[in-house]
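In the form predicted alone, a lone chain appears below as C-alpha cells.
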C-alpha cells in the first residue's frame, strides 16, 4: 500500500540497468529451457494464487456485516479473477497448459487456506491483507530478475485491488471500538506470517526449476545469501503493515 509524504526526501540513487535475463525479452530468454520451465512454474503458482484469492474473497463476502462491505469484497474478488484470466491467457500464449502449470501448487495453497480459515470477518480481512501482501512481496522480489515481458505482466497482476486500504480502515476502526480485539488479531497475523513463509519456502523447494532460478542457476544475481535477505525484507515489510493495522508484529 502506497502512502504519500509531502516532505522532500533525499534523491534515491539511480537504479542499475538490468543485466542478464532481466535485460532480455521473453523471446530471447525463453531459449533457455530451464528458464522457460521456471517461468511456467512461477506463472502457474501465481495464477492459482489469484484463483484462490477470488474464491476466498467471495467466501469472505458472506461474513461482511453490511451490504456495502459485501459489495466491496465482491468487487475485489472480481479484480482477482481478472488477474487470473490474464495469467491463464499468458500461459496459453507461451504454449503451456494453464491447468497443468497450476496443478503442482494447488495442494500447498489449498492446505494453507485450510490451516488459516478465518473464524470471523476481521480475521478474514487481516488474512487477506497480511497473506496477500506477503505473497505479493515474494513475487515482486522474483520479478526484478525476470525477462522484461514476464516482469511487466507479474507486476501488473500484483496491483492492489483496494483490499489494503479497505482492510486497514475496517480493522483500525474495530480496534478503536474494542481495543481487546487487537491482541487476538495480532496473534492471528503472526500465525499467518509463519504459515505464509513456510508455504512459500515449501513451494520453491519442491520445484527444481523455480528453486534454481532463485539461487542463481538461471536468474541474474540471486544466491543463497540473497534468498535469505529476500525473506528478511519480506518480514520487515510485514512489520510495517502490522503497524498500519494498529497491531504489534
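Residue numbers count along the first chain shown, from 1. Nothing here was measured: the structure is a model prediction, and the numbers come from that model.
The discussion below concerns the form predicted together with another copy of the chain, not included here.
- Scanning 86, 140, 75, 172 against another copy of the chain in the predicted bound form with a 4.5 Å heavy atom cut-off leaves one residue, 75.
- Screening 115, 99, 156, 119 for any heavy atom within 4.5 Å of another copy of the chain in the predicted bound form leaves a single hit, 99.
- Within 4.5 Å of some heavy atom of another copy of the chain in the predicted bound form lies at least one heavy atom of residue 70.
- Contact annotation: residue 195 falls outside 4.5 Å of another copy of the chain in the predicted bound form, judged by heavy atom distances.
- In the predicted bound form, no heavy atom of residue 35 sits within 4.5 Å of another copy of the chain.
- In the predicted bound form, residue 55 approaches another copy of the chain with a heavy atom inside 4.5 Å.
- Highlighted residues 178, 188 and 191: none comes within 4.5 Å of another copy of the chain in the predicted bound form, counting any heavy atom.
- The stretch that touches another copy of the chain in the predicted bound form, counting heavy atoms within 4.5 Å, is 58 to 66, out of 200 to 208, 178 to 186, 35 to 43, 58 to 66.
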